[in-house]
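Next comes just one chain, in structure tokens: the form predicted on its own.
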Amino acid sequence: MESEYKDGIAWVEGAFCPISEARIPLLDWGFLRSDACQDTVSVWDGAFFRLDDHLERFERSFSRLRMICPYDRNSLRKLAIEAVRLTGFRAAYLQLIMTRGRPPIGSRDLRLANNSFFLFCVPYISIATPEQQEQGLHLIVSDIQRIPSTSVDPTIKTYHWLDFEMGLFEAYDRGGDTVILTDGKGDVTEGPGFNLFAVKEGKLLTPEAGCLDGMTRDTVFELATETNLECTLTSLSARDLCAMDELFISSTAGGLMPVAKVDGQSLGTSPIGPVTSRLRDLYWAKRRAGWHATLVDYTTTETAT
């Protein structure tokens, strides 16, 4: 019999439901004011990757937004595992969400809001298609500035994406696949759901400011240490990207993905450079071997209430 969760599952108002039935109340300030945060975990070959690290970052995000989650970390962990178990997905994309909720009708005092927790799990999502994984992405550097860090802390994983969305439209209009935004001083920051890495003369470089401390970004740091690859957090000028030997992006949604072109100009090692290829192969090999893994038991119920 076909599962009711074949397309995905959600946790809404204290219960699981099919993803097609999931709703957030219209008056929730997560919707009305983008007053929400999230963290996204991947599952591959029936195992979560860095689940406890994601839960820790999620807790950091909602705490900095002065929200109170109705579940403790262990309960969130059980809910995440149970969501994947119920779907049966061996490769999944699971998102944990906290919203401000809403204060009582007639009040605008956000201190009175009842914060809400949601979760959804769908089949695995990747920024790059299989063809783009092999041929490399075409990256566009947008004229749109990323929201300044002094306005919205980029290390809180929020839904402030309107700058990214408009940047993506610009990228598509210019024949690109995705976009990277700058900080207003000409240095690149991050893209919609990914961090950027550059390789120059055998050394790895990545923006040090204006971006999320991505979980896959941290994983690249670990891989660099393991392979004796020097990695430096620094400023990367948008005008210098085409002078780099290699570029790749990192994300929960796809892992490590090569960049072949920037603003229509091919990189010298396109489509995939040797450092990018080595790190990407190592990333997936270690994941398949159980690195940072939390296995899903598809037979045992773990639901938290």
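Model, not experiment: these values are computed from the prediction. Don't overthink the numbering: it's just position in the shown sequence, from 1.
What follows is about the form predicted together with a small molecule, which we do not show.
For a residue to qualify, one of its non-hydrogen atoms must sit within 4.5 Å of the small molecule in the predicted bound form; all three of Arg57, Asn195 and Thr252 qualify.
The contact with the small molecule in the predicted bound form, taken as any heavy atom within 4.5 Å, belongs to Arg217 out of Arg217, His138, Arg102, Arg85. Note on contacts: among Leu212, Ala224, Leu205, Ala128, the single residue with a heavy atom within 4.5 Å of the small molecule in the predicted bound form is Leu212. Not displayed here, the small molecule is kept clear of Tyr124 by more than 4.5 Å at the level of heavy atoms in the predicted bound form. Among residues of the shown chain, Phe164 is one whose heavy atoms approach the small molecule to within 4.5 Å in the predicted bound form. Mapping the unseen interface onto this chain, Glu190 counts among the residues with a heavy atom inside 4.5 Å of the small molecule in the predicted bound form. Listed stretches are 154-162, 67-75, 105-113, 177-185; the contact stretch with the small molecule in the predicted bound form is 154-162, by a heavy atom cutoff of 4.5 Å.
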